[in-house]
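Single chain ahead, by itself, as structure tokens, in the form predicted on its own.
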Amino acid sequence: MTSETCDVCVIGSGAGGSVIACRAAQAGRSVVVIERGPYLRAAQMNDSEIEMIPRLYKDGGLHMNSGLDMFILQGTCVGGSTTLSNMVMMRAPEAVLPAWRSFGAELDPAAMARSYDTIERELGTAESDPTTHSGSTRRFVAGARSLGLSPRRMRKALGACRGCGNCNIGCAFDTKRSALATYVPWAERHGARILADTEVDRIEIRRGRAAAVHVRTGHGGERSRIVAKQFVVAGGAINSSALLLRSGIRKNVGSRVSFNAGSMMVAEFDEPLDGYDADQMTWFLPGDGFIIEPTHNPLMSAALTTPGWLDEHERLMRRQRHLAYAGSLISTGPTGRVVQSPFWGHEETRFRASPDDVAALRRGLKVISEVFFAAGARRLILPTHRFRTIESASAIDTIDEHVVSTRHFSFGSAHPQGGNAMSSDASVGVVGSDFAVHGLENLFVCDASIFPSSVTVNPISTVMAIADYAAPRILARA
């Protein structure tokens, strides 16, 4: 087995890992970044969903919870889920950090605000460009305003976006300011080395320290060992928890998993809106325990999220130019777990949405319905497995009858959080407020897995800000 050494080994190249790697390399440390997925540059990307999704998503986009009633989308590629995201840059609401502090996560709010500022400046974060807003989103915004509601433009990091609508399968134009286009190449310019297509089997622990990581690279699974002074785990909520479990680190690991999750409502209009021919996400509407995000997907993904079977589904897909979509996004409680499956030999995510979660989602779907009817929709299609429609605003309350259990409607998340919660109290947390795993002085975790609870909004900005905040504190421990 071959070995190599470095100062800092970062496991994962997404929102957290890329920032840590960049800061460490800029500080003159030798850095190795390990990424399970491929390193695809913009020139290797295209608008073919059937080609790109299997290459860029974990399990080809088919990853599910153990109950098979929630899909969980995660990136498996250099840049992680940022490569597949819409780069929505929402700061955590003011109530989040105090709630985390009560759990024992002692993050300095002023320093966190400076880190948010730094990340937003480096990525050129700005309000969404009106020239890339879709016809369907414009109708949603008009409908919301007619009801006296106050939708807001998203702040995003898309660079000179062309509004092609393919953010979720990469960016062939190389304008999106994902980690793939920013912190990863910035780290490389300062000497960082990226090991793509490389799986970490386990972290080797000796006498209270992480000594090395054991990896397999390429299709042949060539084995090697990487020795470092410091290790930073940043594989995301599910993957980071699974790695710690495989490495024999078990106390509290995999607990307190939460999600920003939701369901999509579809509206049919008489006139064409061509919602797919634009930036997918540009506005949001906050609500009582939910956030509404009008959106639209490219055709293959739209087919997967559009309700109906056989003839009903075919008819709706042929009416794609006339359809508008909006998601009711909720923050679930931290009741999920990541465990090592006793049957399959890999991790599984155990989570069941609570009645309160479903009630919040229903409230969001009702507001979406009111807005779409106010915008002139001819009918709405519920996200239920059995094809159900709402033909008028007077029937909106029927949502209460049909959206009751996630076994009966489409429900999913691209934002898993928790699993390795931060708390200075080792009896409840996995990492301390110094980001070190309790009892292991040179092993750190820095990604969404350290969130004690859901951040309630799209989490990329918060993960990147926390990584910027964490980097000097981690490097000072060397």
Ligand SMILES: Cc1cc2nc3c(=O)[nH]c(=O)nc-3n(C[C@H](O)[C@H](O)[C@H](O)COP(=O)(O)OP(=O)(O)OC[C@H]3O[C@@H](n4cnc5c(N)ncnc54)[C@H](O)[C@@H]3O)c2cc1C
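None of these values were measured; they are calculated from a predicted model. Heads up: residue numbers just count along the shown sequence, starting at 1.
We do not show the form predicted in complex with the named molecule, though everything after this point is about it.
Query raised in the report: Hey, in the predicted complex, does residue 295 get a heavy atom within 4.5 angstroms of the named molecule?
Result: No, residue 295 is distant from the partner.
Query raised in the report: Might residue 74 be said to contact the named molecule in the predicted complex, defining contact as any heavy atom within 4.5 Å?
Result: Contact check for residue 74: yes, within 4.5 Å of the named molecule in the predicted complex.
Requested in this report: Flag residue 368 as yes or no: does it have a non-hydrogen atom within 4.5 angstroms of any non-hydrogen atom of the named molecule in the predicted complex?
Outcome: Result no; residue 368 lies far from the named molecule in the predicted complex.
Query raised in the report: Might residue 235 be said to contact the named molecule in the predicted complex, defining contact as any heavy atom within 4.5 Å?
Result: Heavy-atom contact with the named molecule at 4.5 Å: present for residue 235.
Query raised in the report: Which single stretch, out of 419-427, 60-68, 35-43, 433-441, brings residue heavy atoms within 4.5 Å of the named molecule in the predicted complex?
Result: Stretch 35-43 is the one.
Requested in this report: Verify the flagged residues 82, 200 and 239 against the named molecule in the predicted complex: is each one within 4.5 Å by a non-hydrogen atom?
Outcome: Yes, the whole candidate spot contacts the named molecule.
Query - Answer option from 282, 328, 86, 332, heavy atom within 4.5 Å of the named molecule in the predicted complex - result: Flagged contact: 86.
Query raised in the report: Going through 446-464 from first to last, which residues have a non-hydrogen atom within 4.5 Å of the named molecule in the predicted complex?
Result: The stretch 446-464, when checked against the named molecule in the predicted complex, contributes 447, 448, 458, 459, 460, 461, 463 at the 4.5 Å heavy-atom cut-off.
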